[in-house]
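Just the one chain here, laid out as structure tokens, in the form predicted alone.
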């Protein structure tokens, strides 16, 4: 056992590929200017790596070979080899990229540019800008339908979810939601879109076919002031039966029945919970807690927080390698 540990330590120090036995969890630390990597099985930190100024949005290619990081204060997207955490190249993004989403095929990348009121579309292979789509004021949230035909952008100040045709790059519908929409997430069936509104304190459930709101989910937590309940990140299990919503400074994750869209539970996590990511088998859900500088690990089947893992300064985004 000691010999195996020594070999692993040496490999990491020399920059060799990380072991592939478990999925790696990548956490962007907004204030630390780095990414912390965790082992999804041991739930221990593997290492922390510099990635540029003010990293926020983070995602990974479907084949697990490229890690994308929004370096917001560098005004670009940095791309890393997730095995070694060495930077391979950068992508143009426009100013202050915050969140982005990959097409299900892995190309292109859709980036929200908060300062320019644009969604920038970048070809991940040629590294060229394909389009700049004017949207509402302060765009932030990005989502894409499972079939890749519809891209969603949420604009914080305009309070809208914009429906964009992924082939023509044109907006074909706008849906007014509650104040400061932060995140957009489809279920895997593609028949529901969840849009969180941070200041409005709700999640709008939208029918993607009709672009109509079918329900608004609100939250009440005993002992927590309503203004502290600020929905941000949203994740849905593959079968659509569970929806998890990060509630910001309420320090809770809401568990919602994906069939009835009723709140069933609240899980106490770290301070200012922001974004979340499942392991591929959906055994665990990882949450970033910006003010307590840690990640909470939720057992998805049990609806139970099983561990808190210290990471870097102000963890913001999180993604889990697909392999």
Partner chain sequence: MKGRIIILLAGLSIANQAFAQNSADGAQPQTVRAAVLRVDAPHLPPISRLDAAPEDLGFAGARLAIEDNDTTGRFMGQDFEAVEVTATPETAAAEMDKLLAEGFPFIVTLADDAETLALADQVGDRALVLNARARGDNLRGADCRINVIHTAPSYAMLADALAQFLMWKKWSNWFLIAGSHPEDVALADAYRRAAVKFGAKIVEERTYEDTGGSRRSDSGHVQVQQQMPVFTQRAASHDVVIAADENGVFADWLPYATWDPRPVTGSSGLVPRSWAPSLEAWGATQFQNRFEKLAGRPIREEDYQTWVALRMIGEAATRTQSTDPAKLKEFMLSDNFEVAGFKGQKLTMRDWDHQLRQPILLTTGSVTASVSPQDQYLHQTSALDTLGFDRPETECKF
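Everything numeric in this text was worked out from a predicted model, so none of it was measured. Numbering follows the first chain given and starts at 1.
Missing here is the form predicted in complex with the partner chain; even so, the following discussion is about that form.
Stretch-level contact analysis of 276 to 284, 251 to 259, 48 to 56, 292 to 300 against the partner chain in the model of the complex, using heavy atoms and a 4.5 Å limit, identifies 48 to 56. The shortest heavy atom separation between residue 237 and the partner chain in the model of the complex exceeds 4.5 Å.
Of the heavy atoms in residue 130, some are within 4.5 Å of the partner chain in the model of the complex. Although the partner is absent from this view, residue 93 stays clear of the partner chain in the model of the complex, with no non-hydrogen atom inside 4.5 angstroms. Of the heavy atoms in residue 190, none are within 4.5 Å of the partner chain in the model of the complex. Annotation: in the model of the complex, residues 61, 78 and 88 none come within 4.5 Å of the partner chain through any heavy atom. Shown without its partner, this chain lists 210, 126, 218, 179 as candidates; in the model of the complex, only 179 has a non-hydrogen atom within 4.5 angstroms of the partner chain.
Screening 166, 107, 84, 117 for any heavy atom within 4.5 Å of the partner chain in the model of the complex leaves a single hit, 117.
Using a 4.5 Å cut-off on any heavy atom, the residues of 147 to 166 that reach the partner chain in the model of the complex are, in sequence order, 157, 158, 159, 160, 162.
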